[in-house]
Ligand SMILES: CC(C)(COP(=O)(O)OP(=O)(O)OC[C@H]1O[C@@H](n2cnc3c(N)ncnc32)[C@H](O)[C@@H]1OP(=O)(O)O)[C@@H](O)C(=O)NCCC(=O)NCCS
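Listed next as structure tokens is one chain, alone, in the form predicted on its own.
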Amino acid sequence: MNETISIRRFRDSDAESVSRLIVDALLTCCGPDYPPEPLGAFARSQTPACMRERGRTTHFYVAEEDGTPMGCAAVGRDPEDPGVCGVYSFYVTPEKQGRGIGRRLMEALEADPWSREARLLTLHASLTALGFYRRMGFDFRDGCAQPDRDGLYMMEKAR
């Protein structure tokens, strides 16, 4: 694991670089597993304004090395069920994957006060990230290993 990586809360000034990181990770890593559209449309929706909104509505974290974002992830409360938190915007820049950054981001999310109060963490996993989330202790919601109409897998982890 790279010890020069630090994890901190998102700042509005991160919006541009985090947006670029997400678009790069989506297109590079998920491109082989998903058709160009709607993947491209989803990537285009990950704007700096979207990142700032995510920072306002969730506890959004950034992994950085020498001041440059290398990954991001967020945890947010489920408005319908206060005992559930969702994991959102979990990405690591392609060239830094496999170096422990994702694990450290997940540890930050699980240490977050909202997450600690929740009985369940949920997320939508791409085929690309399925193995990572399984290694982090997530399993298929209701045992359903079939993707939804968007090709994503509903996963959960009891707290």
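Residue indices: 1-based, along the sequence shown. Since the structure is predicted, the reported quantities are computational estimates derived from the model, not experimental observations.
Just so it is clear, the following notes concern the form predicted in complex with the named molecule, a form of the same protein that is not shown.
Contact annotation for the candidate site: F10, S17 and A74 all lie away from the named molecule in the model of the complex (no heavy atom within 4.5 Å).
Partner contacts here mean any heavy atom within 4.5 Å of the named molecule in the model of the complex, and among 57 to 65, 43 to 51, 114 to 122, 100 to 108 they occur only in 100 to 108.
The named molecule in the model of the complex is not approached by P36, whose heavy atoms all lie more than 4.5 angstroms from it. Under a 4.5 angstroms non-hydrogen atom cutoff, the named molecule in the model of the complex lacks P32 among its neighbouring residues. Shown alone here, M136 lies within 4.5 Å of the named molecule in the model of the complex, counting heavy atoms only. Of all the residues from 116 to 132, those having a non-hydrogen atom no more than 4.5 Å from the named molecule in the model of the complex are H124, A125, S126, T128, A129, G131, F132.
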